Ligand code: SAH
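Take a look at this single chain in C-alpha cells; it is the form predicted alone.
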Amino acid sequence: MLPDGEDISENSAAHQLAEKIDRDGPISLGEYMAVANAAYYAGGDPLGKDGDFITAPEISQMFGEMIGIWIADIWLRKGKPGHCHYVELGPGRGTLAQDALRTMAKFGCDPMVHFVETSPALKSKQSELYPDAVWHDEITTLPDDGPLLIVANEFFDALPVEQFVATQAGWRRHMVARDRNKFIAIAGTKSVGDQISKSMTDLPIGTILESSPISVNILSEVANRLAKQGGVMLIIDYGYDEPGTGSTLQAVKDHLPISPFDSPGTSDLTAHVDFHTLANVARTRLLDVHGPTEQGQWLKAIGIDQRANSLRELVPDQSEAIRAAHHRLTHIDEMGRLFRVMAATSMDWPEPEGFVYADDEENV
C-alpha cells in the first residue's frame, strides 16, 4: 500500500521507500533522507519564487561578489598562485559562481571552474552560464594539480543525517517505518550505545542526537586535498557552533515548512550543520580553521555595506530593493545570525579576512 491521496509513479521516491520498508522493514533516517533528496533534486529546479526556497546568491548579486572579493584577496596575498581551480559544491543555478568569478577576474584571478553537482536539471542551468566548466558527481574526481578555491554554500545542510534517541532500553537509532500508509520515525531495536560518547550516556529519555557521517567523509576528502595541494574552503550554511541535542530535520515546500515524512521526494529535506564536528575534522588534517562566525558579521567585515551603498548610487531606482536584500542577508532577525561562515585554509596560506566578532548592534 502507498500513502493515501497521492499519485505515486513507479519511479517516485515515495513508492521506492514504501516498497523497501514493506519488504525489508524500517530503514535508517539517513537512507530515507538520501533517497528523498536524490529524487527531489533530480526532479527539477527547486530555486526561486516558483520553486520551494531561495538561497542567498538568488537574493542579491552582492552575496556572490563578496565571496569573489574574499577569494581574490587571499589569492593575491598568497602571491597569485597559478593553475588554481574554483570548485563549488552544489552550485545551484550557477548564480553564486557567476557573481564571484566575475568579481575575481577584476583582480586577475581567473581559475578553472569545477562544479560538484548530481542534478541534471541544475547542471543544465549551470552549463548555460559556464559551458566550459568541468562537472563532477563526486569529490574524488576533483583535480589534483593545483590549489583549490572551494565554496560550499548551503551544501552540507542537504546531506543525510542519522539520529539517535535515548530510550528506556538504551540508545537506539531513529528509523523510518510505515503506519497506516504514512511514513513515521520510530526507535530501532538494536543497541547503538557504542556509537554514543560517554559524556552523553546520562541524557534524559527522549533526547535526540544527530550526526552526518557523509558530511564528515566529504570534508575529510576535501581537507586531505587542501593539505596536499594548497588552497581554501569556505562553508556557509545554517547550523550550530557547539554540540547540541534535539532534531533539526526539516522540510520546505512552496516556501513553507511541512513534515519531513510527508511526500518524500517532493520537498527539500535539510538539517542544521554541525560546524563543531566539521572544524575538528579539518584540524585533524592540519588545516587552519577560521570561524564559524555569523553571516551578517562576516559580510559586513568584508565590505557589503560599502557595496550596497555603491549599488544604490549606481541604480537609484533599485535603492529600496538593494536595501531589502542587504537587510535579509545581514540582519540578525533574517539570515545574518542563523547562517554561519567557516573557512579552512592550508597551513601555508594567509589568514582569510572577515572572521571578527562585531557587536550585535551593528546588525541593524
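Owing to the predicted nature of the structure, the values given are computational and were not obtained by experimental measurement. Each residue number is its position in the shown sequence, starting from 1.
Below, we turn to the form predicted in complex with S-adenosyl-L-homocysteine (SAH), even though it does not appear here.
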item: Contact residue in the predicted bound form, from V116, A166, V252, A279 (heavy atom within 4.5 Å of S-adenosyl-L-homocysteine (SAH)); value: V116
item: One residue of A187, A158, C109, L209 in contact with S-adenosyl-L-homocysteine (SAH), assessed in the predicted bound form (non-hydrogen atom, 4.5 angstroms); value: A158
item: Touches S-adenosyl-L-homocysteine (SAH) in the predicted bound form: P57 (any heavy atom, 4.5 Å); value: yes
item: S-adenosyl-L-homocysteine (SAH) contact at D274 in the predicted bound form, heavy atom, 4.5 Å; value: no
item: Non-hydrogen atom contact E88 with S-adenosyl-L-homocysteine (SAH) in the predicted bound form at 4.5 angstroms; value: yes
item: Partner contact for D288 in the predicted bound form: S-adenosyl-L-homocysteine (SAH), 4.5 angstroms, heavy atom; value: no
item: In the predicted bound form, segment of 90 to 98, 187 to 195, 253 to 261, 171 to 179 with a heavy atom within 4.5 Å of S-adenosyl-L-homocysteine (SAH); value: 90 to 98
item: Contacts with S-adenosyl-L-homocysteine (SAH) in the predicted bound form - residues in 18 to 44 whose heavy atoms fall within 4.5 Å; value: Y41
